[in-house]
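Have a look below at one chain only, the form predicted on its own, in structure tokens format.
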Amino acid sequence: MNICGYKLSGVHVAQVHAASHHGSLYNRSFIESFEETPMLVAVLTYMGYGILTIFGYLRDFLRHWKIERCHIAREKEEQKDFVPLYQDFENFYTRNLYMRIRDNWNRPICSVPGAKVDLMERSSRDYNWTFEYTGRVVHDVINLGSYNYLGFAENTGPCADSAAEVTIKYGVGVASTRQEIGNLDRHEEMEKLVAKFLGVESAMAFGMGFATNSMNIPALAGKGCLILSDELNHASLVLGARLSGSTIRVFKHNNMQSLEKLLREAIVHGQPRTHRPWKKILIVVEGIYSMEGSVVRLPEVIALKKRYRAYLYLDEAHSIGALGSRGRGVVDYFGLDPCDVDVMMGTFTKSFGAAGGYIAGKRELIEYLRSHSHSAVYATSMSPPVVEQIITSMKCIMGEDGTTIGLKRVRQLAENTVYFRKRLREMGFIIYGNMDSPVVPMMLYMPAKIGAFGREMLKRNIGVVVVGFPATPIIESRARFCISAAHTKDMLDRALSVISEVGDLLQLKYSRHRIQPSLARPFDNNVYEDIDD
């Protein structure tokens, strides 16, 4: 594969060109950037965590001697000789660091989570251990946190109308499993539609996206099997792999050399001790990685999977509906054959504005899972209005509703994503991920700036998600913006103006290279200096 690396003042960009001497695996440029953390910023970040840790131990000392009030869950004095239910030291980070900035999370909203939301205002008198509601509502907060990629999380329009009609006819719950008397005709129609949408033989749906991974991977792999997992895979994939009892080996994020090395070793050496061949080798990857904003190198993964005769499990929770000219995910984005992916998984919780997840693939696979998956056998059926929301939104994307609204939303999302990412880079922020990813991580680094950024943005009526350790590496705290087709250009410009203002206030413009703003000028690779990747 002809991979050209570029470097500009510490900015690392990998671009995979369409042509290569191994054949044309890519039909489009593949550009992702991950600028290195500036050394001074890294040092100051470690110092910040060090100071917080010292003061955390001091506060724990004061709590022990009853000088400072203790709010944490602790064992009673009379139970001190029992095996502890709560691990005191394990909660050190939670009570001393997380609690101080806890007001940035779990904010209750009282409206549809669309392009704008209404938030219930709350305050705390004990440093975020408890909250009180003021009774005031903060209206028209621009929402840059919800995974509402195509804007289908709405209470008006055809989706809402259809869901209301189905609720009247079927009710809001089924109160049974699919295998008993909870299988509705709408469930059958939804699964056929999902299979058609993805271009595969069959599909089945589940009521919870997390359980779709954690309960189905154990049904597909077990003892004597090998799971090769990307190091940045979601917790549901990690849990599913662990529950399966399979041997798990982790390869570096999106690194095909690391993956091929593990595949080659697995074929050559076989299972530990016995050296028997593995019963099954399952490669587990995601379409879009929700913390990095990167897109899987699917053409190369499929090529390796075919070469070493492994199986591929693709989690499209964030990419389905959000990537591809037809909104059909990362397979559509690269123009690949869906049949080359053995297990296609995705969720309805993001682009479709609903709930639950799906597994799709060959008919034999789905029939096997219907009788062997714990999530299929024991879980209650999906709620009828949720099913109808999925059907209506999916038909809209496919154009089967007789309109082009769905396709316009897919295109609008792509335009909004490119515009938003480009403007942030021009301002001097460090942005991670693929240029086409609607998940946009902006680096904050220092722990004090995590809470400060979220609060300052909300003061200016912009709702954002901030993320820190342990969800990210300790020195890679970030804000994560999620772009939606429902965002207008005026909304994005307003948000960008506020981000720039807060970025100047908190000194967040860390990038060592600032791209000059341009009008309708295509991305010019000539400004980069060639280096080895």
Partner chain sequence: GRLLVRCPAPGQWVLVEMVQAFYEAPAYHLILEGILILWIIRLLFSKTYKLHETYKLTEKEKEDLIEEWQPEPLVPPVSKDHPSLNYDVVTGPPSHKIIINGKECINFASFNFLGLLDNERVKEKALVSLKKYGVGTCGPRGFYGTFDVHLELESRLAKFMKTEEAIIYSYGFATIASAIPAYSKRGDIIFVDEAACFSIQKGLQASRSFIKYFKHNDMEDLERLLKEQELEDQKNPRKARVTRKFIVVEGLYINTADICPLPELVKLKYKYKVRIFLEESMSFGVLGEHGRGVTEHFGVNMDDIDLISANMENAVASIGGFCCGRSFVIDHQRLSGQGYCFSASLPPMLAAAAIEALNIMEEDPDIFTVLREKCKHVYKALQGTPGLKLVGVPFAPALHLQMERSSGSRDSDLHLLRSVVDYCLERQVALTLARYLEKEERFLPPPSIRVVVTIEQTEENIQKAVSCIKAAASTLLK
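Keep in mind that this is a model prediction, so the values were computed, not measured. Residue numbers count along the first chain shown, from 1.
This next part talks about the form predicted in complex with its partner chain, which is not shown.
Student: Wondering, does V467 line up within 4.5 Å of its partner chain in the model of the complex on heavy atoms?
Tutor: Answer yes; at least one heavy atom of V467 falls within 4.5 Å of its partner chain in the model of the complex.
Student: Consider F210 of the chain shown here, and say whether it contacts its partner chain in the model of the complex, taking contact as heavy atoms within 4.5 Å.
Tutor: Yes, F210 is a contact residue.
Student: Does any part of S375 reach within 4.5 Å of its partner chain in the model of the complex? Heavy atoms only, please.
Tutor: Answer yes; at least one heavy atom of S375 falls within 4.5 Å of its partner chain in the model of the complex.
Student: Can you check whether M204 is within 4.5 Å of its partner chain in the model of the complex, heavy atom basis?
Tutor: So M204 counts as contacting its partner chain.
Student: Okay, which stretch from 303 to 311, 332 to 340, 404 to 412, 437 to 445 lines its partner chain in the model of the complex, with non-hydrogen atoms inside 4.5 Å?
Tutor: Heavy-atom contact with the partner occurs in 303 to 311.
Student: Going by heavy atom distances of 4.5 angstroms or less, which of L198, A452, L424, L220 would be at the interface with its partner chain in the model of the complex?
Tutor: Comparing distances to its partner chain in the model of the complex, the residue within 4.5 Å is L220.
Student: Of the options L365, L97, L262, A115, which one has a non-hydrogen atom that comes within 4.5 Å of its partner chain in the model of the complex?
Tutor: It is L365 that has a heavy atom within 4.5 Å of the partner.
Student: Each of D81, I168 and N183 within 4.5 Å of its partner chain in the model of the complex, by any heavy atom, yes or no?
Tutor: Yes, the whole candidate spot contacts its partner chain.
Student: Since the partner is left out here, which residues of 108 to 131 would have a heavy atom within 4.5 Å of its partner chain in the model of the complex?
Tutor: The stretch 108 to 131, when checked against its partner chain in the model of the complex, contributes P108, I109, C110, S111, V112, P113, L119, M120 at the 4.5 Å heavy-atom cut-off.
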